[in-house]
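Take a look at this single chain in structure tokens; it is the form predicted on its own.
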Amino acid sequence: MPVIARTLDEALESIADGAMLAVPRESSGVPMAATRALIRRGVKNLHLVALPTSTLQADLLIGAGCIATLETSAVSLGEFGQAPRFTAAILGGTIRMLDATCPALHAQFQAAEKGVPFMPLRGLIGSDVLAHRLDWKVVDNPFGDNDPIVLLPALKPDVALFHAPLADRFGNVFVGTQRELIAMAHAAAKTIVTAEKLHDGDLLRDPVLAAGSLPGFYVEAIAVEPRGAWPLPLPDHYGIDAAHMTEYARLAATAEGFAEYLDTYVYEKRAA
């Protein structure tokens, strides 16, 4: 039975230094309250896998010195500009970058979800990405002649971490149409969820909500964190805090400004 944690820190206890941590894209429920809690705890040497892209979350974790390896297909602040701490880390060579593509990452999670060692994908043939991913293998299609195909190893994170609108006391979590969150949970050894609120009943017995719910036996811990994705959006619940993102982009452009941001919005536990 999953644990309904008393505190956010309690829910995050099993995310150890050096863990492979899987997180979702901006529009799928990014656990920003949990991200700030991990930074406050001083977690180190994470292998962060962002499925398939990231924005503020990866930039914050990189700037705070939490990331050793980043595996994703893109990091930016979108309309708010480049991700400044990510850019500085790449230019300075302070993190290991594993370039990927969106379809490749989804395929790798699907391989782990299905319990197979790899997944084939064709669209990478001819791209420069292959030159930098020695763990991706080009082989001949055993069912065809002169038909190369790429084999991608399964990605099996230690922990999947995301924010959802709803969970219940049985550990079931409503993800709605964000189906990649279910693939993340299936692939990972453990799944930790922050949720806007607890549902009074059993999500899996609700004919409206059951189809969009992740069963509790995939979930290790849940922490209730209202507005837990802030300042990023949670689909159908609240939008992005544009003023805050503008301020972040301005401050994080320098190391000194980023330190000021951490002091104000992370270490002081300032909420939305």
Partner chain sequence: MRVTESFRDEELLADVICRLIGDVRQNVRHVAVGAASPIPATAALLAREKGGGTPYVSLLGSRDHTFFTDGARELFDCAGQGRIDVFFLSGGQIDGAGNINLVSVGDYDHPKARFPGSFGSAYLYYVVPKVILFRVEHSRRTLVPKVDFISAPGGSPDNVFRPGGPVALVTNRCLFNFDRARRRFRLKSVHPGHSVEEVLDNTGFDFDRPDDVPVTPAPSANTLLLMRSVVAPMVAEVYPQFAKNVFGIEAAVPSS
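Just so you know, these numbers come straight off a predicted model, no measurement behind them. Positions refer to the first chain, counted from 1.
The form predicted in complex with the partner chain exists for this protein as well; it is not shown, and the discussion that follows is about that form.
Contact with the partner chain in the model of the complex holds for all three of 147, 186 and 189, each having a heavy atom within 4.5 Å.
The partner chain is not drawn, but in the model of the complex it has no heavy atom within 4.5 Å of residue 230. Using a 4.5 angstroms threshold between heavy atoms, residue 162 stays clear of the partner chain in the model of the complex. Within this chain, residue 216 lines the site of the partner chain in the model of the complex, having a heavy atom no more than 4.5 Å away. Among residues of the shown chain, residue 200 is not one whose heavy atoms approach the partner chain to within 4.5 Å in the model of the complex.
Residues from 64 to 84 that approach the partner chain in the model of the complex with a non-hydrogen atom closer than or equal to 4.5 Å are 73, 74, 75, 76, 79, 80, 82, in the order they occur in the chain.
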